[in-house]
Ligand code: GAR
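A lone chain, given as structure tokens: the form predicted on its own.
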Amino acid sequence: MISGRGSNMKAILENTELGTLKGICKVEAILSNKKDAKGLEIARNFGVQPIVIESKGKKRKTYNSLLLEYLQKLNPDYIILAGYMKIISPEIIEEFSNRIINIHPADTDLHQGLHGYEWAFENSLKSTKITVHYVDEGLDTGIVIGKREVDLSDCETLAEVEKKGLKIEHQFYSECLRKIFNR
């Protein structure tokens, strides 16, 4: 599930074709809550026709009901959040308990919520961590699957922090998914 540029989704798709996830999993669907998400075109380029359930202009309850209905029909083994910027409703979390996975650009013990790279940069951290975790009803509070350190000691701008972090995310997320799918 995506909301934006889809760079983590792209890395996962690449890894299912040629990398860490080859022969281990298959991306059955890509869903976005935004009809203009840049990642939609990437999905199409990988031969996956994305689904859009637009959240803009809908009441939260209506959107969550439509999303839950779609996910129940699909009945995926796992739901992978890759830059999906909506809070998952308790009903969906309950329905797919321990099957929704997210990546967070910070150590969830130290920073939850948005702008993890900005937080690291503004606090002049020499390193930060990327966290992959199961989604629960809290915000970035679920059981941790894995953490990977990102050395920021040579970063002078927020753009450099983000670039370094994303490079790690794109590799590490698929590594964590492989570990889960091989159980």
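Being a predicted model, the structure only gives us computed values, none of them experimental. Sequential numbering from 1, following the sequence displayed.
As for the form predicted together with glycinamide ribonucleotide (GAR), it is not shown, yet the points below apply to it.
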Item checked: Listed residue (88, 103, 100, 71) with a non-hydrogen atom within 4.5 angstroms of glycinamide ribonucleotide (GAR) in the predicted complex -> 103
Note to self: For the interface check, one of 25 to 33, 111 to 119, 142 to 150, 51 to 59 should have non-hydrogen atoms within 4.5 Å of glycinamide ribonucleotide (GAR) in the predicted complex; which one?
What the structure shows: 111 to 119
Next item on the list: With heavy atoms only and a cut-off of 4.5 Å, decide whether residue 5 touches glycinamide ribonucleotide (GAR) in the predicted complex.
Entry: yes
Next item on the list: Using the partner position in the predicted complex, report whether residue 79 sits within 4.5 Å of glycinamide ribonucleotide (GAR), counting heavy atoms only.
Entry: no
Check: Is there a heavy atom of residue 168 lying 4.5 Å or less from a heavy atom of glycinamide ribonucleotide (GAR) in the predicted complex?
Finding: no
